[in-house]
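Only one chain is given next, in structure tokens, and it is the form predicted alone.
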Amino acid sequence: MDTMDYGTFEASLERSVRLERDLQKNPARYRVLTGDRPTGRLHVGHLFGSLQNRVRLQDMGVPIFVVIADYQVLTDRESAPDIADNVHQLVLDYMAVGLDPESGRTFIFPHSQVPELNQLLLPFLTLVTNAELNRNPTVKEEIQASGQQQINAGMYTYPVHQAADILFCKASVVPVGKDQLPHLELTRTIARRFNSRYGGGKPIFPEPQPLLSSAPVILGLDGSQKMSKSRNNTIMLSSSEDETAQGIKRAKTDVDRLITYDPANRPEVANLLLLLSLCTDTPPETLAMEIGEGGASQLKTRLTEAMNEYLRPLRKRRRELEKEPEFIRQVLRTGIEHAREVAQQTLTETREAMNMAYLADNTGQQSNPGDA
């Protein structure tokens, strides 16, 4: 096998900049795969970190596949009782922020409902070594974060399943943060190795390119860690205005009354200024000067008002969607139907490439031995 090269962050960033320029010129040339694990409702960290970018790409005219990675939540938590509701809540959040399945460009689906996608996992596992999985820094971090003493094979092979999520629809672009680059490089390696071993000079899979996020990292209201539901330091998109106010009121600051924007030395205050900046489209340095000696109290008051104003139309849309559960189910059915259609085409190609289409009829469709 060829050697996996994670490359440098600087090289990835340069490629991402070129990709962004071409996306704006030729959006229909690309296909994006993105998604989330259904572990609960989404928060403002998701909104500013990824959701807004997905809506931007959709509105540019880029086809987007949004995978709800429900199988993957089983790798590190006891989530089965909540999965169905969490999937429903994710779709509500997606559509409330502006993802539009009715546009014909955005398809939302859980990967557990696309069996053809999951069949790619087996051949893909033969294209990576245990040593390569052991070296993946993102897997190491996720294992450590899970706090588990015994690591199941699902978590260990998580990056290979993610490769199946990306490659089943032949996604050419995957929006990622810096910490997710190793996962994507493994996907690129699997695509390259499959093409080399089975393609016969004809590439079956593209090597997807990373679109690096320019969004800032949003810390939680504790000011010390990334915003996360499990750390109870979030502002949920679905929170009420009173819940938002109470959360911001509890947010950690420091003892210095003069408000300054100093992320290195005053991360808690800087994070609240950053959130206020994102809600008002005003530089955090300018906001700090405006608040000045007004202290943390004035900062929290302004952030509460701005955040609730910013989220008000989103929350209104979400409440409207909550009244239409059958519509949400239909969104998923449509997404699953389209994803399966695409996945069936890809699986047929991979079977033919691997010389496994020996039960195909004269139309090229694979039949099952038990079919009548």
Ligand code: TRP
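Keep in mind that this is a model prediction, so the values were computed, not measured. Throughout, we count residues from 1 along the sequence that is shown.
Keep in mind that the form predicted together with this ligand is not shown, yet the notes after this line are about it.
- Between 23-31, 334-342, 63-71, 301-309, the stretch whose residues reach within 4.5 angstroms of this ligand in the predicted bound form through a non-hydrogen atom is 63-71.
- Although the partner is absent here, Asp36 is a contact residue: one of its heavy atoms lies within 4.5 angstroms of this ligand in the predicted bound form.
- Among residues of the shown chain, Ile190 is not one whose heavy atoms approach this ligand to within 4.5 Å in the predicted bound form.
- Interface membership of Asp165, defined by any non-hydrogen atom within 4.5 Å of this ligand in the predicted bound form, is confirmed.
- In the predicted bound form, none of the heavy atoms of Gln113 sits within 4.5 Å of a heavy atom of this ligand.
- At a distance of at most 4.5 angstroms from this ligand in the predicted bound form, all three residues Tyr158, Val174 and Gln180 contribute at least one non-hydrogen atom.
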